[in-house]
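Alright, two takes on the same chain below, each alone as structure tokens: structure 1 and structure 2.
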Structure 1
Amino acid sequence: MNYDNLMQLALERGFYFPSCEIYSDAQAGFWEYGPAGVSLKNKFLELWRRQLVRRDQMLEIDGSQIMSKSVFEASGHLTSFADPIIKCKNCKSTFRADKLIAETTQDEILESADLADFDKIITEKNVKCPRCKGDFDNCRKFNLMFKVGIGPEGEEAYLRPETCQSIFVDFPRLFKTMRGKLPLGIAQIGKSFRNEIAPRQSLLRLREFYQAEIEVFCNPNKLNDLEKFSEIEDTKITVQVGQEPKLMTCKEAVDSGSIPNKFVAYYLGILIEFYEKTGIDLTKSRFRKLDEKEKAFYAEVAFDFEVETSIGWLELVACNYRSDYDLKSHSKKSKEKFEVMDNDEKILPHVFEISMGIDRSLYSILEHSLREDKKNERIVLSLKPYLAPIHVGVLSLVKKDGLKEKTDEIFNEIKTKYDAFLDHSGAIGRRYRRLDEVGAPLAITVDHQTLEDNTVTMRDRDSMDQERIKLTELDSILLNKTAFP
């Protein structure tokens, strides 16, 4: 199944859709989650908390989306957070330079390349405006920050381009009040905002998007002194350094130098274990090490966790060893002290970041789970049961003879404990197909026999097998089949 199939499913089954779509002036890059999408997203985040945040007793905060100008002066975003753009001299249309070059010439050029390199390729390849065939002005940088004015005087501030800056700014208070001890993970879920030049492909490049970020503060002198590394040393990950990806254990990755130390390898290991539980096909995944020109301006070492989809490889998680860049920058700008004690050693902690794109992750989960069952003429969204927007459909065979009332009674008994969907309308086969498309792993059908012996038919989404179960067993069966791992 491909992007178009998933787009149709998303629109028809309430996963996601464009914001303000009824108006002609609706802006690109803003999408909204419908009921099915919200349910899937919430379950994904609960799995993230269970598998990553709680595993290491990390702290979770919820920071402000609007932050002062000083924060982004210190972080470097006001000077370094920019994409290359070119403007047509004739029709004044603006394009992102690296993307236009790739689309029109098949030449790859990094977005971090020098501006002169863009101008050189555009001249040599005779790249013209795709709208009017006009010539371009020289390439320039466009800052992606969203500027806002606060109060009647319009005091300058910015929507955050990433959630992590509040974690860095809050670190001294959190370390002190929560009796922190290195290594210390601090997590945050929230929206970030980037004024993308050419947002496209629904959830894949947005101007307003969800992130789940973890910043792990550590002692840089102890990056190979990590007892819990033994928990994941045999976990297999695909690492790409250079051109060829290689499947290896986390221990082999450290021993071979593919990953610089046990500290980084540990977090890559628990990240891959998390994504395995989301249902993403890990044979289509890799940790790709970024070279000097690719990595972010604050990163010392960087790996992107990428997943292959029908439209190419998608970056889902940026894993950056940011060293002491952020804490040093905020300390210098604010004149506050960010050093902490690690046993008897006073240090300025280094930071390893796991910055997850929630929207792209959800897209990848959906695409990897969507399949066409040609034999049975149906579309099936084979989500993990604990991620499914609907856990169970509750159906009456017919609406007469007291079956509707019995079905309503069963639904009312389970609706606050599970995500259940009540459906009385249409042929039973068609109702099963609708549940298959939205990913519901189970369906129970109330029929005339139910009134006689208090049993119902339970149908499995993937196998389509049906079995008769007692209503007294329903709760325990649902709990067992839909519980988080």
Structure 2
Amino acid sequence: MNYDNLMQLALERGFYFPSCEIYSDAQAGFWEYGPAGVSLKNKFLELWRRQLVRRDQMLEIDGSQIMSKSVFEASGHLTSFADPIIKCKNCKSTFRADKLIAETTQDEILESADLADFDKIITEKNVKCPRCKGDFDNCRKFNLMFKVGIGPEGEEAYLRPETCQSIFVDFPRLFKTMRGKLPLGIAQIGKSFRNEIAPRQSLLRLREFYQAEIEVFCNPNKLNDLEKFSEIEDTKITVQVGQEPKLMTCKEAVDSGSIPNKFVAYYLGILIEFYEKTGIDLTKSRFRKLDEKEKAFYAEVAFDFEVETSIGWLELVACNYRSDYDLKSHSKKSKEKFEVMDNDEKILPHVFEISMGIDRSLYSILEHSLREDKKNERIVLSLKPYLAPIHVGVLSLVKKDGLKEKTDEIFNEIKTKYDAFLDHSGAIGRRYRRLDEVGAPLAITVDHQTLEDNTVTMRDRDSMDQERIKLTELDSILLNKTAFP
């Protein structure tokens, strides 16, 4: 199934839809999650907590979305997270100043150069608009951060462009008070904000989006000294260095040098074990090593976890070895001490980050789970049961003869424990089809026999098979079938 099929399902079944859609000044790049989308997202995040945060005994925090100017002076975002742009006075085309200068004059100019330098070169070399030969306005910086004004004086602050800055800033307190020991993972789920020039494709390129980030603080001298590496050494991952993706175990990846050390390999390993449980098709996934040009300004080594969908390869997770870039710069700017003791050694930890795009992950899960069952004329969302927005449909075969009342009774017994959906009306087949489309793995139906022997039929979403179960066993069956792995 492709992007359009999924978009239609999302709109019809309440997974996601455009923000502020009733108003004509609604801007692109903002989307809402509907009831089904929220339920899926919550369960996805619960799985993330279990498979990464709990597994590795990480600390989870929830930081503020608005952060002070100093944070982004230190992090480099105020200067590096901006593009120098110039606009043609005549045809209004916009270009990146550094790229245009490089193309037309062969002069290399740093992206971070002063604005006056750009203007100077453009005047000296007589650079004109490549479209219409027009003159340019003065160069300006377009920063992708949203600036906000705090309080009546409008003090300068910014919406965070990545959640991890809270983690770096909070590190000294967390390490001390939580009795931290290296390596230490600190995790956070939250929203980040980027003023993208051209947001597009619903959840895939947003101005306001969710990230689930993990920053692992480590001793850079012990990157191959990691006992728990054995847990994942046989886990298979696809690594692409250069052009050819290769399937290998984590151990082979380290031995062959595809992944630089056991430490990085361990986190890529537990990440792939997490994604395996989301239902994403891992045969359509790869860790792609980024070359120098593609890497972020703070990254020393970077792997993108990418998944193939109907619209191409999508970057779901950026895995960056940020070295001591962040702690060093925050330490310098704030005068706070970031060094910690690792046994007898005093060190400034290095950071490896696993920066996950939640919205893109959810999109990929949905696309990989959605299928058309032509034989039975239905659309089925074959989500993992523990991720399904609705765990179980509770249906009455017909409303009369007390079946409705019996159904209500069963529903009331399970509704606080499971995501159950009660439905009495319409043809039974139609109700099953609707549940198939939101991905409900199970449906139980109350019929006349139920009143006699307290059994109901339980239908399986994927096979459409039915079996009769005792109501006394309903809870344990549901518990078992919808449990997280």
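All residue numbers here refer to structure 1's sequence, counted from 1. By rigid core we mean the largest C-alpha set that fits within 1.5 Å across both forms. Owing to the predicted nature of the structure, the values given are computational and were not obtained by experimental measurement.
Q) Is structure 1 or structure 2 the form predicted alone? A) Answer 1, the form predicted alone.
(Q) Considering only the rigid-body turn between the two structures, which single choice in Glu46, Glu367, Phe142, His424 is at the hinge? (A) It is Phe142 that sits at the hinge.
Q. How much does the lesser of the two rigid parts rotate between the two structures, stated in °?
A. Between the forms, the smaller part turns 57 degrees against the larger.
Q | Core-aligned CA shift between the two structures for Ala82 (Å) | A | Spelling it out: core superposed, C-alpha of Ala82 shifted, distance 2.9 Å.
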